[in-house]
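First, one chain by itself: the form predicted alone, in structure tokens.
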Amino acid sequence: MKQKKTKRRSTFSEIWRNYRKNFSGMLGLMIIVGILVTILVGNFIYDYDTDVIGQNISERKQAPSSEHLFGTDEFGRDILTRIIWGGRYSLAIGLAAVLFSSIIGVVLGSLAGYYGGVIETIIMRLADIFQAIPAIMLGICFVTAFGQSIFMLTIAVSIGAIPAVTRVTRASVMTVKDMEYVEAARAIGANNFVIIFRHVLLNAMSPVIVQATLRIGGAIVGIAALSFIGLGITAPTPEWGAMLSSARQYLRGYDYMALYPGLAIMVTVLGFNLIGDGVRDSMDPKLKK
């Protein structure tokens, strides 16, 4: 009699299986997928020079209507078109900032957690210094010192998140560095680089992934904040924070100019936060069956 083989699920499939059971996580995923599809489709429908930054003074400050669903701004530009096109800047810079801060924080946290001693002391005291300064203040100082550009904005937003990622990675590495499989790797002569990045980090990345997904929304808010005070992406580029900044002088009579960019930021941040909560719950070992 043949014995029935049981197929073992991979780690990713287990996480996805748990994630699909999370209503808020799936809702957040649908929100972000919807936003991404809208942005991609909008890039093919609208022309940047004509529809996004091109001025049409005869249609300036028009209220929302069937022709302009979100109304027009002070230069007659369609607000919905600018929000759709501007999403590519907010999302791209936010994701890049989280990726950069995660890479730097993972490297520093791994070195601190694995080696300890003087290396850990130096790295963690530097993290304490940077964490003592508000992230928005770090961003303002960085952009002011090195100039305004998309690259500098990405670095400015990400630099404030590095200490937190470093701490999470260090704590996670310290819990697995003395496991049996790590001792076995040392026993067969594997060098520290291989042990850290092949054996330790691969088994300590769950908290880092959760941290990264939860920080995307904060990065988007940081980008919008710097653009709002004139230190991020400048006009006429349709970034959501810059749109809010230009609309603040028209709040009394044309509040829709600020309403819709603000809603775009709110819904996007909500979507990523729901995804982050879903990832956190799906990677919880207590949920695995």
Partner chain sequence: MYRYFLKRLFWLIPVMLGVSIFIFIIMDFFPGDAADTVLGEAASQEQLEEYREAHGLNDPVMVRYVRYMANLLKGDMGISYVTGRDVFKTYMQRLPNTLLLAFSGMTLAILFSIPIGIITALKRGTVLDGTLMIISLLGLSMPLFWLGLLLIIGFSLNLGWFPTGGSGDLKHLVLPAVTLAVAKMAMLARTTRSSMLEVLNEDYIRTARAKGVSKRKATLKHALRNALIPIITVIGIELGSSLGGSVLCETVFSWPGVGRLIMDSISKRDIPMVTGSLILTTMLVAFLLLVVDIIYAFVDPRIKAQYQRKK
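Because the structure is predicted, anything quoted here is derived from the model rather than measured. Numbering follows the first chain given and starts at 1.
Another form exists, predicted in complex with its partner chain; not displayed. Remarks below refer to it.
inquiry  = in the predicted complex, is there a heavy atom of its partner chain that lies within 4.5 Å of any heavy atom of Ile265, even though the partner is absent here?
reply    = Ile265 belongs to the contact set for its partner chain.
ask   = So, in the predicted complex, is Phe75 in contact with its partner chain at a 4.5 angstroms heavy atom limit?
value = Outside the cut-off, so no.
key: 4.5 Å heavy atom contact, Met30 to its partner chain in the predicted complex   = Contact check for Met30: no, nothing within 4.5 Å of its partner chain in the predicted complex.
query = Any of the heavy atoms of Ile233 lying within 4.5 Å of its partner chain in the predicted complex?
reply = Answer no; every heavy atom of Ile233 is more than 4.5 Å from its partner chain in the predicted complex.
task = Identify whether its partner chain in the predicted complex is within 4.5 Å of every residue in the set Phe142, Val269 and Arg280, based on non-hydrogen atoms.
result = Yes, each of Phe142, Val269 and Arg280 comes within 4.5 Å of its partner chain in the predicted complex.
query = Picking from 149-157, 111-119, 98-106, 131-139, which part of the chain touches its partner chain in the predicted complex when contact means heavy atoms within 4.5 Å?
reply = Contact criterion met by 131-139 only.
ask   = Can you pick the one in Ala63, Leu251, Ile45, Val37 that has a heavy atom within 4.5 Å of its partner chain in the predicted complex?
value = It is Leu251.
query = Taking its partner chain in the predicted complex, which residues along 220-255 bring a heavy atom to within 4.5 Å of it?
reply = Sequence-ordered list: Val221, Ala224, Ala225, Phe228, Ile229, Leu231, Leu244, Arg248, Leu251, Arg252, Asp255.
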